[in-house]
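Below, in structure tokens: the form predicted on its own, a single chain.
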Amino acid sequence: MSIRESNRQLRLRRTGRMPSDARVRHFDELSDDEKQLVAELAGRPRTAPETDTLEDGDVVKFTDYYLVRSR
């Protein structure tokens, strides 16, 4: 996982609906660093620097489905 050189921040938000065009990423498909990031952000009001591989609108299946938001 590499961090993009931007001022954008990544946040995960639990979601019950998945956009039809969302790319779904399963937790076990992520790199070790991405797994750690998802575990830290899931269900918490925290942000982290944007990464190269998790993009705004992606959905990560972890303990629930989490929508990746990048702003």
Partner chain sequence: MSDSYVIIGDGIAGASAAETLREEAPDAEVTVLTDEGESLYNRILIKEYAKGKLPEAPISIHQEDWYDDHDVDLRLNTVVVDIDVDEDAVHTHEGETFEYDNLLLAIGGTPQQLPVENAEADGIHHFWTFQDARRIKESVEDAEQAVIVGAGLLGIDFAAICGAQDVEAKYLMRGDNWWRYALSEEGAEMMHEAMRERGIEPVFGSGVDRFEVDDDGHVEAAVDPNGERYECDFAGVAIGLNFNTELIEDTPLETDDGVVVDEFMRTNVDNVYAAGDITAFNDLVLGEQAKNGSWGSAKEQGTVAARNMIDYGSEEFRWVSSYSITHFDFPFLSFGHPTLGDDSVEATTADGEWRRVALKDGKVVGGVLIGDLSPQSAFKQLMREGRDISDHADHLMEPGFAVDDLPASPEQ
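Numbering follows the first chain given and starts at 1. These numbers come from a predicted model, not from an experiment.
The next section is about a form of this same protein that is not shown, the form predicted together with its partner chain.
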Practice task
Flag K61 as yes or no: does it have a non-hydrogen atom within 4.5 angstroms of any non-hydrogen atom of its partner chain in the predicted bound form?
Solution key: yes
Problem - A48: touches its partner chain in the predicted bound form, heavy atom cutoff 4.5 angstroms - result: no
Fill in the blank from the handout: Residues in 27-63 that come within 4.5 Å of its partner chain in the predicted bound form by at least one heavy atom, in order, are F27, D28, E29, D32, K35, Q36, A39, K61, F62, T63
